[in-house]
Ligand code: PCA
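One chain is shown next in structure tokens, namely the form predicted alone.
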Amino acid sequence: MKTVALLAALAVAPALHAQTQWKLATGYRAESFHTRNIVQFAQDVERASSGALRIEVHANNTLFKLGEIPQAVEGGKAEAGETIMTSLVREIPIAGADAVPFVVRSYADARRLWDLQRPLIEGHFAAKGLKALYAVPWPPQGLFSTAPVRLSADFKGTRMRTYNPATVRIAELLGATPVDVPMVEVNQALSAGRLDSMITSALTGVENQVWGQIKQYYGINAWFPKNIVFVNQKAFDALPAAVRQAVTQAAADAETRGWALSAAVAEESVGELQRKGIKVERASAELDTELKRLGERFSREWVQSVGNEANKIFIPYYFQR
């Protein structure tokens, strides 16, 4: 009997120590705070599962390019991935809620919007065989300008950098001429006098060293675009219950940590702009009011374009504070 029991124990032992390996693809640099947060998430999962699940993080488009990641995870070519939510709007229009400009004005607002948006995102992901794990915002989008701006009228006759339909619409409504310039060419465009202003995060301004022609930075918090981390539902369901719980808890921790990291990076980046000689100011009361009105106009237009599902976000967002 002892021999039989020993053989049974030996047979079970490998199963107890079997390790599952996932690949998680992201298009962002390893140095990005988003990627650093993902790496910590992977480490937390491995530790909490006692090594039962190991997640290999593949950064900087090394496994799949950023735009290919959702489809790769959906198709099972990678178990997990990260993308920016605005890249999903063609198939999931509601994913664009966090990029409607001049609606969300603070991290607290962004958190409230995500709480309303999340159940809808989870439903759309589930229909694609995906499970949303967590989302973290980029630092807010601010206004860079070569000259002081006090009113929306100050944009008339100027040239604003644009890179998507939303920024083109902003430029048009402000009376500026839209100029399509990739971020990597911004300094060249500034030096050539082709740009007078642009809306992007302080972090992006620091990473691209925009000081020189740029003299002003206004923390208008135009929008808080989010990255979302997700997993193939079948891969998740194949895990033992305890390991699924480890993934879920690590994801919740990563979301909390990621939001704090984003806020810290935003503050650090604004400080670096100041150190490089850019004047950092709040928008004037007049401009702030005008931008809020634009936000209301944008949100109405967005609701009309997306349909009834958008009302599930913006009706409670505006009226249930």
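Rigid core (definition): largest C-alpha set, two forms, superposition within 1.5 Å. Since the structure is predicted, the reported quantities are computational estimates derived from the model, not experimental observations. Start at 1 with the first residue shown and count on from there.
Just so it is clear, the following notes concern the form predicted in complex with ligand PCA, a form of the same protein that is not shown.
Think of it this way: in the predicted complex, ligand PCA has a heavy atom of just one of 104, 95, 84, 135 within 4.5 Å, and the residue is 84. The single contact residue among 117, 145, 201, 232, judged by any heavy atom lying within 4.5 Å of ligand PCA in the predicted complex, is 201. The three residues 54, 76 and 130 each lack any heavy atom within 4.5 Å of ligand PCA in the predicted complex. Using a 4.5 angstroms threshold between heavy atoms, residue 219 stays clear of ligand PCA in the predicted complex. Of the heavy atoms in residue 225, some are within 4.5 Å of ligand PCA in the predicted complex. Though the partner is left out of this view, residue 211 does not reach within 4.5 Å of ligand PCA in the predicted complex, counting heavy atoms only. Among residues of the shown chain, residue 236 is not one whose heavy atoms approach ligand PCA to within 4.5 Å in the predicted complex.
Stretch-level contact check against ligand PCA in the predicted complex with heavy atoms at 4.5 Å: of 119-127, 152-160, 242-250, 137-145, the positive one is 137-145. Taking ligand PCA as it sits in the predicted complex, the stretch 182-199 comes within 4.5 angstroms of it through a non-hydrogen atom at just one residue, 183. For residue 217, the Cα coordinates differ by 2 angstroms or more between the shown form and the other one after the core has been superposed. Once both forms are fitted on their rigid core, the CA atom of residue 163 lies 2 Å or more apart between the shown form and the other one. Core-aligned CA deviation for residue 134 between the shown form and the other one: less than 2 Å.
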